[in-house]
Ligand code: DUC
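Quick heads-up: it's one chain on its own, the form predicted on its own, in structure tokens.
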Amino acid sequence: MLIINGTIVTSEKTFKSDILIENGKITKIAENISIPNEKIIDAEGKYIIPGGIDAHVHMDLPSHTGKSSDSFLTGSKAALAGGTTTIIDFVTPEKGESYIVALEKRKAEAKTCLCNYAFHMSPTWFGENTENEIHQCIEKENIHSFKVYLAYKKAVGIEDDVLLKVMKAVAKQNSLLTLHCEMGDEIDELRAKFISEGKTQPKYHPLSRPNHTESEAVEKAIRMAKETNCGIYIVHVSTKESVDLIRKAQQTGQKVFAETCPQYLLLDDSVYDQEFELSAKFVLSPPIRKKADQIALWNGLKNGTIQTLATDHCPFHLHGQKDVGRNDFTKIPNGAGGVEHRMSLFFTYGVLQNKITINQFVDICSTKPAEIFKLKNKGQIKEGFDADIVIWNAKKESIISAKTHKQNCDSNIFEGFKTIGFAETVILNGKKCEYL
């Protein structure tokens, strides 16, 4: 396959060139490549960018209302439609379950995935053989990141003594620990308090998870990581205070990475001041914050404090899932979709509004997540790398709607958002995705 006349965008430069693809790899980048009998794609007037990498998704996630509405099949279709060619999902063992056994189960669930995928392993407990299993994940399974939850203590969350053991084990392997940072005990108390007072509507969800419940957990994670010399990656950062703490740690030379998500850049907490049918879809954790937090997150992306934009993609249907919490917001399954819209939203409201450059767009959406999570030959337009390529039409306008989106969900938190920019052609491992 030969792509001609396009403008290649990398994290460092923008230039006109042709790209030759052979056997799923980028084999040549040069001007005026001429190879007979090749399938030619003319990208005149379009950008050529590396396929997106969403480092935080939850397909087929179990909940008390059934699995999240996107399977690996439907979720990967949505990802590809939006220009994302690689997702990183999670293996979450039951407490007491072998990490390796849990991994094999998760691999079976992921067999229907249409795009490239990798896993983070989520330590939910720590036993005599856990350190060996962490080593096995790295050496034999190519899993280089481990995720812990400081919230959800009654389900997958862990206490500080387990966190310390995990950090030491991960640090010993020179690997990376990712963290969901919220003070779970305080949140559980606040949630119970609101329900006991008859405060049951979705608007109490953000009030039960105020900014300090995130930033105090971030501070604790940074402090413990420094003590154990463990590299950390803080997921779905949503508050100004957290950004400040992360920046200060980075300035001391500590290995701290951070991600945020489109919902925290583009929505504010006024979304909860609506009737249940409109506000319930925004019940996700951390909750949507205030405009001051949005500004801090955009600045964090611009100045490099935040390295990646992921989605925490985990949608649930409004009808039949989220509406079980009509009279109790604590029963609403937490999560929303975003993998399909991540890149178009970031291009529209980041690049086109001069909040980030187009090179930062590529770096944040593709290059940095590949580097951080050691996805070999991914995230760059470079000779020898995998031919995961998106031809990006920077002028096509769309309006996001649950009626037309690819994700399997009856609602969309970005309903009505106008986007400019579209993944017109998606090439996955050297082959054009014809079915999109």
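All values derive from a computational prediction rather than experimental measurement. We number the residues from 1 along the sequence you see.
Note that the form predicted in complex with this ligand isn't included here; everything after this is about it.
J.: Taking 82, 344 and 406 as a possible spot, do all three reach this ligand in the predicted complex with a heavy atom inside 4.5 Å?
T.: No: none of 82, 344 and 406 comes within 4.5 Å of this ligand in the predicted complex.
J.: Tell me which of 265-273, 332-340, 101-109, 248-256 has residues with heavy atoms within 4.5 angstroms of this ligand in the predicted complex?
T.: Flagged stretch: 332-340.
J.: Of the options 120, 77, 289, 236, which one has a non-hydrogen atom that comes within 4.5 Å of this ligand in the predicted complex?
T.: Partner contact (heavy atom, 4.5 Å) among the options: 236.
J.: This ligand isn't shown here, but in the predicted complex which of 301, 169, 187, 284 has a heavy atom within 4.5 Å of it?
T.: Only one option qualifies, and that one is 284.
J.: Does any heavy atom of residue 314 come within 4.5 Å of a heavy atom of this ligand in the predicted complex?
T.: Output for residue 314 is yes: heavy atoms within 4.5 Å of this ligand.
J.: Decide whether residue 349 counts as a contact residue for this ligand in the predicted complex under a heavy atom distance cut-off of 4.5 Å.
T.: Result no; residue 349 lies far from this ligand in the predicted complex.
J.: Would residue 204 sit within 4.5 Å of this ligand in the predicted complex, counting heavy atoms only?
T.: So residue 204 does not count as contacting this ligand.
J.: Is residue 152 close enough to touch this ligand in the predicted complex, meaning at least one heavy atom pair within 4.5 Å?
T.: Yes, residue 152 sits close enough to this ligand in the predicted complex that at least one of its heavy atoms falls within 4.5 Å.
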